[in-house]
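The chain below stands alone and is given as structure tokens, in the form predicted alone.
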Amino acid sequence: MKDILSVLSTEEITALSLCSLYQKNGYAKYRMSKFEEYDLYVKNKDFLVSENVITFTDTDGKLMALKPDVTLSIIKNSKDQPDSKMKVYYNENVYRVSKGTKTFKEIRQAGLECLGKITDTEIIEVLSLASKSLEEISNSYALEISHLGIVKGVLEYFELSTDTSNQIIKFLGEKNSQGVVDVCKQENLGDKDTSLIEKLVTVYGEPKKVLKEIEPLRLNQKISKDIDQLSMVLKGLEGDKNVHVDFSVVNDMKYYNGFAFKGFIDGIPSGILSGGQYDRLMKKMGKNSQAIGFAVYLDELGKQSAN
């Protein structure tokens, strides 16, 4: 076994370890083609990390694309089973433009998806596996968890325009507290209301502390329900000292809802894991099932080695 491991890259060894973890927790291996019809990505281009896609014409004249994303393929090719569950994991290569070289690169990803009827139980399981995935890579890691329902609910409560809400979400993602305050002033919001919105930027860290600090955000029944759900899920993750609450994790709300999360390890500045609930994407693709999942960007491990 040692001889085999000696010829594998860090990415390959980590992928094997993660796949073993997912399989032990009841997830089945999902295999897919290296390419899909280009139309799939045109219709969902905002969901992609990059709009640049490698295309070619198939023998029957169809325009095809090398796969830039795994989740879209799984949704497209899975049965719609809103009253049951499909739990799958993958270890696949995707083809994207590299942030560093600006050229196309083959990138290895491992991850999992849970589709169907999603309850707090499934959410806790997926978040727990996200944390364990990071632990497989490094002892020094952090899983940052947000709830998009709370963010959206607070902005809707103050009846802000779409453009204003998008501005605030942008500043929230940047952890730019002053930017949020400035936008609130432009909208003539009072100091009290501004401070409530600003909490989405300033509160961060240990779950019990954050839950106490966001109590003033119980502005209506819907927000209270989402805060209660966040509290319930965090209680299910109790004991994991690497879990933090961070509302700056704001995935695209056209596709995502509910929980969103990112994973970080020491030595790599950007996130190595990203995930969330994406019921809106399911609905956009004609599915009634709910869904939650995450991907681990194994190509980022090379950056850790280089540091």
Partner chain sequence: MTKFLNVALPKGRLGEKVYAMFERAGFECPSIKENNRKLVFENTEKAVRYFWVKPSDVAIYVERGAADVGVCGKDILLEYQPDVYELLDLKTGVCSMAVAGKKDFVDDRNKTLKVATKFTNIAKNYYSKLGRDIDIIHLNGSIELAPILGLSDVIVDIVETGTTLKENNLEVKEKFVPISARLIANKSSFKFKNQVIEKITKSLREQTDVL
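Numbering follows the first chain given and starts at 1. This one's a predicted model, so the numbers in the text were calculated from it and none came from an experiment.
Absent from the display: the form predicted in complex with the partner chain. The rest refers to it.
Contact with the partner chain, judged by heavy atoms within 4.5 Å in the predicted complex, is confined among 221-229, 67-75, 114-122, 137-145 to 137-145.
Contact check for residue 216: no non-hydrogen atom falls within 4.5 Å of the partner chain in the predicted complex.
Interface residue remark: residue 264 is counted as part of the site for the partner chain in the predicted complex, having a heavy atom within 4.5 Å. Although the partner is absent from this view, residue 178 contacts the partner chain in the predicted complex, with a non-hydrogen atom inside 4.5 angstroms.
When contacts are judged by a 4.5 Å heavy atom cut-off, residue 61 does not count as touching the partner chain in the predicted complex. Only one of 279, 252, 246, 36 lies close to the partner chain in the predicted complex, with a heavy atom inside 4.5 Å, and it is 246. Checking 159, 80, 106, 174 against the partner chain in the predicted complex, a heavy atom within 4.5 Å turns up for just one residue: 174. For the stretch 60-84, the set of residues having any non-hydrogen atom within 4.5 angstroms of the partner chain in the predicted complex is empty.
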